[in-house]
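Below, in structure tokens: the form predicted alone, a single chain.
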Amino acid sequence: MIFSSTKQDWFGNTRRDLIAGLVVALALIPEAIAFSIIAGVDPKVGLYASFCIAVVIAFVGGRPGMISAATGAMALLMVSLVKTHGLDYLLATTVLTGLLQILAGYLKLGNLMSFVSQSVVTGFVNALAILIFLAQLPELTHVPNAVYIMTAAGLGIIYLFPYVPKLGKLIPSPLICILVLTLISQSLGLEIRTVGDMGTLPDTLPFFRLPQFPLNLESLMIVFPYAAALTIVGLLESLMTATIVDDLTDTSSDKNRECKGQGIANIMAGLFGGMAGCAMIGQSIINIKSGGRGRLSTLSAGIFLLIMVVFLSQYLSMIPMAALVAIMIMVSIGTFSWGSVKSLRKHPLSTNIVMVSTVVVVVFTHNLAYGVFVGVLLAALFFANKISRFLIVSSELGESKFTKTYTVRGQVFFNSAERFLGHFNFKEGLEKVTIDVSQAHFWDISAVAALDKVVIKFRREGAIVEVLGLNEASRTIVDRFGIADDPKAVEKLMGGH
């Protein structure tokens, strides 16, 4: 079974995986260079990182077919570190980031993805689509008209080539777009921006090197905050991307293995002169759209990337940026959840607020972690408010008008504790009060405190109070934290009077 699964992951889609890997490698090059420039390091740092991360994650990652490399979200966090302390501190930070991510995997922090609601995922996807599109605007402003024509032609090829009989389904249209636009640009001698204009491509293979920096507490205090931030953003983006690819391919992935895999990949990147990276939503979708499904597509993307930048840089530098811009526009259009716009009318207001808030925060801060944090927080608050409304307390007088039974149904926790208290009348002069909680659940110490107050206040009015029906979980927390039967604690709670 394990052998069969491994064989399927690696060789179940060989031809399409190899072709998709080639397309991804071509799209990775300008982005890796651009992210290196953002971080303030030589282009080879981003290119070496992309190669190392893609190759390593193919073997140790938890999500076949997902592309990991140097990313803009991670590069933005490195700027001040590189500017202040230099490349070696960045490499050390990358290695430490990897160690922290491996620790996160062993702590099973990947399971935290279960707390991310679908509306947050949709907002994350839509925000990334917008950011991918906005990232292309510098290549489309203050440029010759030929760039617009070439970009439009590229989009035409991407969307129309799949309809060509036989060939349309055999060869990914993004690859045809790159080849055709490069031939047109070179044959017509167009004066437009190319990959070669992005920066000098490396001409040697990456080599093993330990970061040269002092091993002491002072150095650790410098790199740790950056490594912690990179760990959080890297894992967040990787796990969110894994969730999206799961949905696109109708398959599941091992999120905790992905955490460990990202960590191992970043350690290798740091030891071979690369910067920290993570999963890339745009490149992963290019891979999926180009037919890539297995680990071979990720491995081949890394290998093709290295071969091209080291051995074929002369030809690679000829590719017009317009071709890559067209591909990324296709990715942004394909990434955006257009159905979510139509669903705004049908979905509850709270769901729409969570989705839109996630989009707005990510787009304006360019920080995926902030957006997801806000989305998860809002979703939790709305959920708590909704659940707190499912609380009903009814009452019924007994045979004697001095006895009464309160029946509690629903969830009692911090957000419904005050509402629970408000259902009881302590001034009726009752002799006996029965509180039936067999259809209720007490979740936290706020709920226990509310129950204590009800019991204590009725006793203060001279009533005998009996609580019936506590389920096992509720009884455990009430027995542990309840104070109704502790006279000293009661006096302290009620202010001593």
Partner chain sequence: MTHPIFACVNGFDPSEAVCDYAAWAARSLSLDVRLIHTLDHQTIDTATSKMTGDLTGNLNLGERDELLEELVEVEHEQNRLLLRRGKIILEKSKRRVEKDGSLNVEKTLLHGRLQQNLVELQNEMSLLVIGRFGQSHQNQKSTSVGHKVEGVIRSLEKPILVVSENFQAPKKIMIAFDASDASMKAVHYLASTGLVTGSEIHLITVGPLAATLHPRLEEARKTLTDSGHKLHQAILDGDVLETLVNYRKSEGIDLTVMGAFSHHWLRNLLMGSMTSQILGQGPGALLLVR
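Numbering follows the first chain given and starts at 1. So that the term is clear: the rigid core is the largest set of C-alpha atoms that superpose within 1.5 Å between two forms. Given the structure is predicted, the values throughout are model-derived calculations rather than measurements.
Just so it is clear, the following notes concern the form predicted together with its partner chain, a form of the same protein that is not shown.
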Stretch from 457-465, 45-53, 434-442, 61-69 whose residues place a heavy atom within 4.5 Å of its partner chain in the predicted bound form: 457-465
Proximity of residue 427 to its partner chain in the predicted bound form, heavy atoms at 4.5 Å: yes
Exercise: residue 402 in contact with its partner chain in the predicted bound form, heavy atom 4.5 Å: yes
Is_shifted residue 216 between this form and the one not shown (CA, 2 Å cut-off, rigid core): no
Residue 401 C-alpha moves between this form and the one not shown by 2 Å or more, core aligned: yes
